[in-house]
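What follows is one chain in structure tokens, specifically the form predicted on its own.
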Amino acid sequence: MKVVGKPLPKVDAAPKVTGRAVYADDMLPARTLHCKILRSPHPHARIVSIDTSAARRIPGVLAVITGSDLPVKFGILPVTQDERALEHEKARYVGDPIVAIAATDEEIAAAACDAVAVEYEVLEPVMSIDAALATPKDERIQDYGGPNNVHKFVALEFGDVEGGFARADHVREDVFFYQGNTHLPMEQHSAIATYVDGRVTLWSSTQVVHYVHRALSRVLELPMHRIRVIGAAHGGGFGGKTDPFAHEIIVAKLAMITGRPVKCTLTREEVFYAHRGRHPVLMWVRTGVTHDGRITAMHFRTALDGGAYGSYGVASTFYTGALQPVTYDIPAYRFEGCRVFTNKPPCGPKRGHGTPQPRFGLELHLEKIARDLGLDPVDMKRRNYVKPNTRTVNWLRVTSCGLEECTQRVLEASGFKTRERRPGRGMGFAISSYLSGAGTAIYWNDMPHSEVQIKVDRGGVTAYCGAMDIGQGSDSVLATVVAEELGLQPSDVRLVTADTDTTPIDLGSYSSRVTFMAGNAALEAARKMRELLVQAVAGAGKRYEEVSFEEASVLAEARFGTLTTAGSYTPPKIAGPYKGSGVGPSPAYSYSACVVDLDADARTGLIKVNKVWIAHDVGRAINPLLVEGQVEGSVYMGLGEALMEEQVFRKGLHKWPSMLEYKSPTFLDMPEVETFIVETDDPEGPYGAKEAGQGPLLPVPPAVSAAVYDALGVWIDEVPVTPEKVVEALRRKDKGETPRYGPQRFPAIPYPETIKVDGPVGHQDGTC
């Protein structure tokens, strides 16, 4: 390999670090109008009337719209089309958009919002999972879903669970809680739209250009060919920009009304309310094991606080149960999940999408089982690791698996087994896995998930792809793959990406899919182009390696005319034979192992992380420098979630909707991170590559909590692990109570009848 596997700079590094990159908020075409959105001050209220007459009379106001102007509902999933760009019937959380105003400057638009009179009939807000489950049917937040405020039920059983528990020598159950948190991107959400010659053009800070395109077509009631969506330079997403958002639809509608460009950039406070971040999840897990720690059966329950709207919630519910058997060989597994609506901002996907929460619970649960049996927790976990080339009991196909090597690398580097034992100093170990892209598209279809086109003319190479680079380096991956096949450097490849008019479809940047899926599409297109060039050079009596690329391209253009090739990627159909099996399958799974070293003060409860060792099975590192950056970024975010980040609400109001009060780690809080890249060369990835952007976050929170136990002898069974919780757990320990801080019970949820599914043939025998 000439460029694959080399630590080269990002192809977009220069414009990013010099400030030449153009973000959505940088754009200001002539005659641009500025949009402000009036949002509900109540978490739950019927909208009785809206009077915009005073706002319309303010000089400089050119348009005022309400929900009656945008009545069509939308949503990212086909099964949850439950949002309006502007709500005119009922406000379901503080921040729900009610009125939008376009004016000649932001101050006028803001003043006009203040002049709007909205009469509300305030309703009792639902602010917790327990309250949601107790809400009478006639007071529900949404008019669909299950009983009370239930949005989604899942009840699945694989294998003989009761028989597995009967065979167990030891059975344990625990309850855990993972608090919700938000993405905190440096760039706020921003969008600008124009309406020219009957066509809408939208520039947006989005991760999913294609899905925004579809939502605009639906709500504006325009055919897709009359809408163009362009992804502007991106200042961070982490999943927070994977929904179509109200402001994107609003600016397009206002541009259609006024005939002028309209721009809307959310304030930081608005971003906290719009967030679509990590679901708060309550978990109950029961596991049976043999005397030597081998798992015989597991029963996992989750209850998700989804906020006011559906977002990705149906998928999130399945994800909280789907991936447990991808790390551990669980011969019999029952999963029951429930997502409820509350009067909080809607939750959605955040880095890891529905998987950090159960990973936290599962890793600590197995730690406790091992200690019950007098076993070393690491040894017990390793005894249950999945093997490569197997199918899990819930039909997920595992190809390559570097879990054992990842474990060995971090244990040896950290000296975990021979560490010094003293009060206040602890080390914790945890593992995880994650998807290399979801095997099923958000809406059912048989079309490719990623497409790439390549054009060569007179020595120039341009790659076209709808994928959106959100900082993870997908542009660099595309350029590197094309360059490798054509014998170039990544900097020689021009890129046109994330533009629905000029690039072929890619489904977006989510679920760590771009390297695997767009990379495979780029590889196919590049190999077709190389074949054309080789044929042309051979026809001239030469070998491809003997001529310059410019000479080869001239010979090929002379022989074939216009040089264009295309490649695409569609994941294999590997879902199981049951409803809901489309959530969880991936062409390949990545694996991570982590050790955290920390000091914990028994007097104050303060925790200082000293060092993190993390190993990640990436299949093959297309660019090891970028992989290391993604891994360390995951560690940073995982430490934030483990120690300080939380979305907390008081009567519907966010407790701290600013970057001053919402605590996340600064560079002063970041410990040294030692990263190990493990390569297993997955047979289906481009050059063997798998994901690197999300999986390494998952083992960090449980490793932190396990390290706190190692240091102080108390379990903190919820995140964030704050000093107050540590001190309270120590107080309970001193009084002779259970040395633990965490939820005491799991609610009685009326799950539907369990769907029982037979396990696949070849389960854990290495033959799949």
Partner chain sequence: MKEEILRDVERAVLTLNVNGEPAQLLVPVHKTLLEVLREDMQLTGTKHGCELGECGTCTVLIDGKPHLSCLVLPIQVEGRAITTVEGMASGSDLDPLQTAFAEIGAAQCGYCTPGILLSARSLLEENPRPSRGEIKEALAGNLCRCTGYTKIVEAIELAAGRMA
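Because the structure is predicted, anything quoted here is derived from the model rather than measured. Numbering follows the first chain given and starts at 1.
There is also a form predicted in complex with its partner chain; it is not shown, and the following applies to it.
Participant: Check for me whether its partner chain, as it appears in the model of the complex, comes within 4.5 angstroms of all of P9, Y23 and Y636 - heavy atoms only.
Facilitator: Heavy-atom distance to its partner chain in the model of the complex: all three under 4.5 Å.
Participant: Pick from 627-635, 388-396, 427-435, 480-488: which stretch has non-hydrogen atoms within 4.5 Å of its partner chain in the model of the complex?
Facilitator: Result of the contact check: 627-635.
Participant: Flag I470 as yes or no: does it have a non-hydrogen atom within 4.5 angstroms of any non-hydrogen atom of its partner chain in the model of the complex?
Facilitator: Yes - in the model of the complex, heavy atoms of I470 and its partner chain come within 4.5 Å of each other.
Participant: Would K350 sit within 4.5 Å of its partner chain in the model of the complex, counting heavy atoms only?
Facilitator: Yes - in the model of the complex, heavy atoms of K350 and its partner chain come within 4.5 Å of each other.
Participant: Would I108 count as touching its partner chain in the model of the complex under a 4.5 Å heavy atom rule?
Facilitator: The answer is yes: I108 has a heavy atom within 4.5 Å of its partner chain.
Participant: Even though its partner chain is not shown here, does T666 get within 4.5 Å of it in the model of the complex, heavy atoms only?
Facilitator: Flag for T666 set to yes.
Participant: Which pick from G146, G159, G236, G75 sits with a heavy atom within 4.5 Å of its partner chain in the model of the complex?
Facilitator: Going through each option in turn, the one that passes is G236.
Participant: Could you spot which one of R382, H183, R167, K368 gets a heavy atom to within 4.5 Å of its partner chain in the model of the complex?
Facilitator: By the 4.5 Å criterion, the partner-contacting residue is H183.
Participant: Determine the residues of 244-273 with a heavy atom within 4.5 Å of its partner chain in the model of the complex and present them in sequence order; the list may be empty.
Facilitator: T265, R268 sit within 4.5 Å of the partner.
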